[in-house]
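A single chain comes next, written as structure tokens; it is the form predicted alone.
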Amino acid sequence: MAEPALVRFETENGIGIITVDNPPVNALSPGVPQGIVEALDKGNADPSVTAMVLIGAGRSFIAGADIRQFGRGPAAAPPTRRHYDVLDQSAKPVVAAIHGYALGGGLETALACHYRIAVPSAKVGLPEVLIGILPGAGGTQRLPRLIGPKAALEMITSGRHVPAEEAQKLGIIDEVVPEGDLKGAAIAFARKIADQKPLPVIRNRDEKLSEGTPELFEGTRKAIARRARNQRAPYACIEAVEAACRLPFDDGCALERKLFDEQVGSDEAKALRYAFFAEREVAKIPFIPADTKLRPTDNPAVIGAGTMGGGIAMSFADYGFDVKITDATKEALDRGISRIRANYETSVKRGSLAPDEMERRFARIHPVDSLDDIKDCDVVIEAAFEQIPVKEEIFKKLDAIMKPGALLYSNTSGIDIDLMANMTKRPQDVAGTHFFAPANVMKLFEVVKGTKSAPDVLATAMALGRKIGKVSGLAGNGDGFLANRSRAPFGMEINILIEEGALPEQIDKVMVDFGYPIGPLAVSDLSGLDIGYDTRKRRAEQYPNYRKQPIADRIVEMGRLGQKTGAGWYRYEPGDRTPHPDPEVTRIIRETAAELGIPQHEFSDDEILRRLLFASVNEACKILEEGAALRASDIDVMWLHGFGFPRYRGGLMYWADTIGVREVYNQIAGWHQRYGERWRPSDLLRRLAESGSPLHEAKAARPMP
């Protein structure tokens, strides 16, 4: 039986229809570009065809190039007739009919067509910078000619997806047509423009390029400097757009391709491609069938209107859900609702949210007086204080009032899910859904498997996270679960380094230079130092051998809780969030270390970096040994989206592989000899080092308990 064609050509009343049919997203895999060229040749050779339509089957136009083909050895010689060139040199007009996504090579294909129409839900963009490369098929040359260098630079250096209506205002889309019959609308449009001459070929346009002044490009370089730190791709994008403004089209394309070829094999691009695929892998739970029927989640509720509960309610409202929210007292609920409104108003003041959209979102959040008011909800997320008795009491009440089959989830950063589940007669309906603060901003959504959590309860939680714009990952039960447990040694090592003489400002500088947007101690001040203090107290009560952090505790006990009190690890001026090194903190460190008899010495930046990150690499290996994580790549995804790990370094485990698993093991083994038991290498790390197997490819050593 013959393979189905990736590209089909048919005619309908004088209009040639070129349909790309390469599921699931019509990527430009081998065979697709050649199929488009063959179809164009047929259309141009057929005298009955007056115009052509290029359209995608299924859910998208063309979602981009096949990323799996990037970086696989030497680049293949380009075809003698590239479909982009054949499109814009076609003697007959070609209309791109866009639905779903036209991204990367998909938008470059559409830009090579003479006209573009789209349905309102369509999105276009050139997101190559997000995987460490730049457009390589004329996108940096055609887009500036169409919409001007300034708008093109913003799109290309941000990589954002542009909605159809905005794309029409920019000039990318010629017409937005109603949802429904895109093919019919495209045929009608093609018939309307069939006789228009000359054809509007973007490569021939240069009237907008004069705005590409040296000041524009220098200003763009300065504007992206912070977010592009340590990366090459954003600057290569700027160079390519700059070339569009000073070189003939073909010469600009040649420079674009040279930059693309240099970048596609770079360490930066490899790490970003790894992160891209790891984010897709994290959604897969091997022990749950893909066709598992999900439970309904259209009617959610949140218990607790504090900072976390309010952020969770906003997460639902931001994605179109009406959500109920309640708290123990009316006063607490009123404060929470006021805080939610204030958060939305801050977004409006910053210009990131339109006032009318704010009102729509706020109206979706419905405060209710008691738990009885949520008894018919499909899913409830408990977001009360991190105190076991409080959470146990809530779950006991939920068990009594919630309808059968309702999903009972707990937002906790580390409390045993089984403690809450055992308060109910339906432990199979209970799981953890750990949001990261601030809940309406942070992308990570950690789903925690209790001992008795039903497969559909876990699968529904994973899907729910994606519905509200999160990146869902599964974790086993246990103190800290996966994300926080893997990061706990990082936090512990910070405090030990401080005891031994490192100052907060040096540690933060090391991590910012590495690529973090803000240093870990400044983050602690932002979150509030009392949060970590309470967690340490709980763990000290649970675990007799828990290693205390006397300097961090002393700072909190002096009333220095971070930004909210004007002092924490740093001091803060009124109304200013800039952290300033504080001599008082230096004094506390030195005095406490002297009392404890801890010798002080200086540290190199490299030792600080390795002490912090290697400690967590070792812990991640222990987590995999125990089966509390499915894959090392899941840990990387959680670090990317939960802790701000620099994406262009791939993730914690991927980064460690750039140093080498053997070197990581040897260093940890050496520190074990020097510092004691906390640095004992995990068995998995030892085995990987002995075999030379990559850390980032490691899998769970046993089934998740």
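When you see a residue number, it is the position in the sequence shown, counting from 1. Since the model is a prediction, treat every value here as computed from it, not as a measurement.
Below: the form predicted in complex with ligand 3H9, not depicted.
Peer 1: So which of 447-455, 426-434, 474-482, 130-138 is the stretch with heavy atoms within 4.5 Å of ligand 3H9 in the predicted bound form?
Peer 2: That would be 130-138.
Peer 1: Since only the chain is shown here, I'm wondering whether residue 538 would be in contact with ligand 3H9 in the predicted bound form (any heavy atom pair within 4.5 Å).
Peer 2: Close contact is absent here: in the predicted bound form, residue 538 is far from ligand 3H9, nothing within 4.5 Å, heavy atoms only.
Peer 1: Is there a heavy atom of residue 25 lying 4.5 Å or less from a heavy atom of ligand 3H9 in the predicted bound form?
Peer 2: So residue 25 counts as contacting ligand 3H9.
Peer 1: Answer with yes or no whether residue 59 is in contact with ligand 3H9 in the predicted bound form, where contact means some heavy atom within 4.5 Å.
Peer 2: Yes, contact at 4.5 Å.
Peer 1: Answer for residue 260 alone: is it within 4.5 Å of ligand 3H9 in the predicted bound form, judged on heavy atom distances?
Peer 2: Result yes; residue 260 sits at the interface with ligand 3H9 in the predicted bound form.
Peer 1: Within 4.5 Å of ligand 3H9 in the predicted bound form, do 65, 104 and 284 each have at least one heavy atom?
Peer 2: Every residue of the spot touches ligand 3H9 in the predicted bound form.
Peer 1: Tell me, which of 280, 246, 222, 197 has a heavy atom within 4.5 angstroms of ligand 3H9 in the predicted bound form?
Peer 2: By the 4.5 Å criterion, the partner-contacting residue is 280.
Peer 1: Heavy atom within 4.5 Å of ligand 3H9 in the predicted bound form: which of 192, 169, 360, 161 fits that? Just give me the one.
Peer 2: When ligand 3H9 is considered in the predicted bound form, the option within 4.5 Å is 161.
Peer 1: Using a 4.5 Å cut-off on any heavy atom, which residues of 648-669 would contact ligand 3H9 in the predicted bound form?
Peer 2: Residues within 4.5 Å: none.
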